[in-house]
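Below you will find one chain, with nothing else, as structure tokens; this is the form predicted on its own, and questions on how it binds or moves follow later.
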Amino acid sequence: MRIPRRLLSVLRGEGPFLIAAHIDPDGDAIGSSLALSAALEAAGKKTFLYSRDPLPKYFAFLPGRKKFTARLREIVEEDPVLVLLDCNSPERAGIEGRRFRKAVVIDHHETAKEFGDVRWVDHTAAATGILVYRLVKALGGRITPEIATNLYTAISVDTGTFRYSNTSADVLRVSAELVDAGAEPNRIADHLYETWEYKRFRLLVAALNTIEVRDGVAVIHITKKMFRDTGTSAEDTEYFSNYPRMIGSIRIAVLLRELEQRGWKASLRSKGAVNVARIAERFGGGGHRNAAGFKTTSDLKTIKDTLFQAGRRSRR
């Protein structure tokens, strides 16, 4: 996991930095962004944190979360160095068409775009939080309790709280060091998994009642009407795709969420050797071997048929 020297040089010698998370930000994108921002500011650098979409409310406990903004124009006027975290193209961050003095990419997704003046993309890393941890250490920064909390959250989310196959000995060693530095696993887990509102349970029940299982693939879906009926929104669907994955015979689990505009967003999860990133790529999306996603304007039946066909092919 060698850090490019040029990356260290840019972070030490330049600034200000615009750290941008991907659209619909998850815990890895949010925690990694907050941690890198805190480390750079401790070194005397000016940073801005950008997220096109609101942060899900269950990440409200993360230190520094109020630093995120969706206002980009004023930031761009300061001619910052762009740092894309947990994604590797401006489209994934919702900032396409913008010009920056320099662009840096720090990411761990398998599906990569050739964007960035300086790139550090390591798809063997369990989370971008692991990369940021290494980066902070290489820059000589101190892992404060705030940084530790953000990075532990980032790693916890992308390893399924250390249940997924990407949970290696190195992941556990890094996480233990973060606990030593001040991260509180029980408090973080409580915020992530045990603070649901009742309306979110109602949405989950409605989604699970749509389940279709065929050829090792389980698909659930959520319509706009289901959101309206339960008083919920897209952010309430976080982790829903993991529930069908619990069925022992399932190799691919899919959550399909109807978009406000035409189309659907798919979140795919898999077990073992099934590479859902390759399935997502067929729809113009991407991600990791065991977690990926895409958006499509196809109708619901067509999407499901395609996914079930992918399940049949994965059995060969």
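A residue's number is simply how far along the shown sequence it sits, counting from 1. It should be emphasised that the depicted structure is a prediction, and the values quoted were computed from it without experimental measurement.
Same protein, other form: the form predicted together with a small molecule, not shown, and the subject of what follows.
Here is the short version: of Lys271, Lys45, Lys265, Arg65, the single residue with a heavy atom within 4.5 Å of the small molecule in the predicted complex is Lys265.
Proximity of Lys295 to the small molecule in the predicted complex: non-hydrogen atoms within 4.5 Å are present.
In the predicted complex, the small molecule lies within 4.5 Å of some heavy atom of Ala291. Proximity of His109 to the small molecule in the predicted complex falls within the 4.5 Å heavy atom cutoff. Proximity of Arg92 to the small molecule in the predicted complex: non-hydrogen atoms within 4.5 Å are present.
Heavy atoms within 4.5 Å of the small molecule in the predicted complex map, among the stretches 280-288, 66-74, 34-42, 243-251, onto 280-288 alone.
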